[in-house]
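Okay, so here's just one chain, in structure tokens, the form predicted alone.
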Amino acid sequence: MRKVEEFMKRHGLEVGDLVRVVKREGDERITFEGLVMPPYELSPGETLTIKLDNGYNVGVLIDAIEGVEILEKAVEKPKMEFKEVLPRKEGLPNVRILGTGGTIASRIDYKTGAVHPAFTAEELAKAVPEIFEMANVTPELIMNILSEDMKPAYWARIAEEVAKALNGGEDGVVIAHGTDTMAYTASALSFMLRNLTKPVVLVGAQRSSDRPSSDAAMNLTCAVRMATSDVAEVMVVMHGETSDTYCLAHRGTKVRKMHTSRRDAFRSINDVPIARIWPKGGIEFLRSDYRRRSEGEVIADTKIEEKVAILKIYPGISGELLDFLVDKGYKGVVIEGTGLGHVPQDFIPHVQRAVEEGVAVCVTSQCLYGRVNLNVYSNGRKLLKAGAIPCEDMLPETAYVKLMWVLGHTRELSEVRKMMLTNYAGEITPYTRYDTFLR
């Protein structure tokens, strides 16, 4: 038994108890009041965690605690029975919310401070009632994973569920997703959903809903609003700035998470967002060249080749790394080159060997902003001659997902080149705009 469990047992503490803890810090005594939280299973177990009234957690070292008083015992609440659907309102569009995990649609047990998925209609109505004024919302939890556990096979499942919902009469789909790999999923859906005729919106939250600064409710509200719009594309909707002023709708193939924790972490790269969404109502379109809502069956084209890798170029990199991937049977490699897409001169023969063995080698830039151009310097021209495919201004993650999808349809390298350089979902811009840098 760890120290924290032994301490809780000795003092009769249970998760959810309201307690007052006195901590010794030098000659000072500091008092905390809050709810006892479950001990973190991967910690050394030397800290008692308390959720304060302001929503934040504080850890108090067991050895520094001078006294603890139980102010109120946790009371187990009766389990509530939730209805699967709420009454539908005439005249409102129908929106399906597909849950995959993450914190975006969660509810808080205010007695224990624990966060649970909120994926019945009644739970969502209590958490974010505004969305039911905009649409008849039907929630469905199709998986419940951490964002970092996302796999290509799950992209196919999500695409199939989206197509089924849209072809079944929904006017739009919102996908609740963890933020870490949301851009990958957005890219995958952008290529997999062919003949897309209605909005598909991915949304997440940077701050969990137990925190006062949570962005979950506003992001979800803006996502549902965007799902009722005229835009028939895959989009990511997240905070547009650190305050709660507006959200931005980013094209699914041009968006990237650019900060670990800021609420406005998602940015359009080498492009401008599609729209600005105001949580209280209204959409301000920032461009007019988006795909419009139309009629027709959405096709989930989920054929992909999973044996694709990303390889980042760095000083001293050995071509043996690329050889290893080729020898292990990888069918495609996306290289994150330096600058305009460069690799060291002694790396180029390894690229040539990969191409000769039928492996598609695509080149992006780790600069993210700007465009690959292999015609400027000699090493770039040699890389072209070796058979590498320059990926214009595609993000490395987008090129990675696209190459998977392309190789799912052809292994002929000339056709792979043609498809990689074809703009299917706005992943390639026709020219580099000066006003898109670090927007």
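Numbering starts at 1 and runs along the sequence shown. Bear in mind the structure is a predicted one, so any value in this text is a computation, not a measurement.
Here the subject shifts to the form predicted together with a further copy of the same chain, a form of this protein not shown in this document.
Peer 1: Of these, Met143, Leu92, Leu286, Ile310, which has a heavy atom no more than 4.5 Å from a further copy of the same chain in the predicted complex?
Peer 2: Answer to the contact question: Ile310.
Peer 1: Counting any non-hydrogen atom inside 4.5 Å, which residue from Val272, Met134, Cys367, Val355 sits next to a further copy of the same chain in the predicted complex?
Peer 2: Selected option: Cys367.
Peer 1: Heavy atoms within 4.5 Å of a further copy of the same chain in the predicted complex: which of the stretches 373-381, 64-72, 44-52, 27-35 has them?
Peer 2: Heavy atoms within 4.5 Å of a further copy of the same chain in the predicted complex occur in 373-381.
Peer 1: Spell it out for me: taking a further copy of the same chain in the predicted complex, does every residue among Arg96, Phe191 and Gly408 have a heavy atom no farther than 4.5 Å from it?
Peer 2: Zero of three within 4.5 Å in the predicted complex.
Peer 1: May I ask you to state whether Trp278 is within 4.5 Å of a further copy of the same chain in the predicted complex, using heavy atom distances?
Peer 2: No, Trp278 stays farther than 4.5 Å from a further copy of the same chain in the predicted complex.
Peer 1: Applying a 4.5 Å heavy atom distance criterion, does Asp264 contact a further copy of the same chain in the predicted complex?
Peer 2: Yes, Asp264 sits close enough to a further copy of the same chain in the predicted complex that at least one of its heavy atoms falls within 4.5 Å.
Peer 1: Just to confirm, Glu295 within 4.5 Å of a further copy of the same chain in the predicted complex by heavy atoms?
Peer 2: Heavy-atom contact with a further copy of the same chain at 4.5 Å: absent for Glu295.
Peer 1: Is Pro349 near a further copy of the same chain? Define near as a heavy atom within 4.5 Å, in the predicted complex.
Peer 2: Pro349: no contact with a further copy of the same chain in the predicted complex.
Peer 1: Along 336-360, which positions have a non-hydrogen atom within 4.5 Å of a further copy of the same chain in the predicted complex?
Peer 2: Stretch hits, in order: Glu336, Thr338, Gly339, Leu340, His342, Val343, Pro344, Gln345, Asp346.
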